[in-house]
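Consider the single chain below, provided in structure tokens and representing the form predicted alone.
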């Protein structure tokens, strides 16, 4: 398992410069505009999509055919991609947290810090759920065939959120007055863990039956 993760990190090293430049741009943008929402959103989403980039590299190199000749269980290949995503998102959380604290403490606005934390938590949940939704599809269809679905999973929720925000439905006032209690956070964490568990189980079943 560790060897698979190291292999993925080495493969992503060539892509790392592009990611760092992009992240650097959004950090600079957030500092100039004094708004951390953009860098939080982009860093977490970039992190959640890095396992997909790793699978793309594997497919181009025909890595799966070579790897399956080695005595490594197929479920290790699947789990390693999820672990890669979680590791990358954890790195993204650390980066954005440092940027958020730096900007917030400079401005001295505690409300901005609360907003930053809420944005970070929201995007982390969305990133994990996105990865959980798309990885089984990719293991089934491959990255190229799954591109339309990948875009749809990103765009459709965004459009729905925008439309909902512009509407005057009673549910909006209830959401705005919703208190983020420890129980609420616990329910969200448990829900995400269940979604990830179901996704891993589905991906393992799909990958174990896949022929290369």
Partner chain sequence: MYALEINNLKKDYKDFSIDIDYLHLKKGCIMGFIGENGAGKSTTIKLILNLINRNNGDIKIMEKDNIEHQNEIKQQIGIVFDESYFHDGLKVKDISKIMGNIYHQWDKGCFQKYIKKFKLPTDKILKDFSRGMKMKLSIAVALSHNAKFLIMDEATSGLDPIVRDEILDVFLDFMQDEDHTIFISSHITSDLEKIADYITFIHDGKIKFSESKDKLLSDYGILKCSNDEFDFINKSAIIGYRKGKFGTEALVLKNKLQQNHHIIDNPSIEDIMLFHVRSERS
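These figures come from a predicted structure and were not determined experimentally. Numbering follows the first chain given and starts at 1.
The same protein also has a form predicted in complex with its partner chain, omitted here; what follows describes it.
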Have a look at 67-75, 123-131, 137-145, 84-92 and name the one stretch with heavy atoms inside 4.5 Å of its partner chain in the predicted complex. 67-75
Residue 210 near its partner chain in the predicted complex, any heavy atom under 4.5 Å? yes
Contact between residue 11 and its partner chain in the predicted complex at 4.5 Å, heavy atoms? yes
Given that its partner chain is not shown alongside this chain, does residue 7 nevertheless sit within 4.5 Å of it in the predicted complex, heavy atom to heavy atom? yes
If we define contact as a non-hydrogen atom of the residue within 4.5 angstroms of the partner, is residue 29 a contact of its partner chain in the predicted complex? no
Please state whether every one of the three residues 3, 57 and 61 places a non-hydrogen atom within 4.5 angstroms of its partner chain in the predicted complex. yes
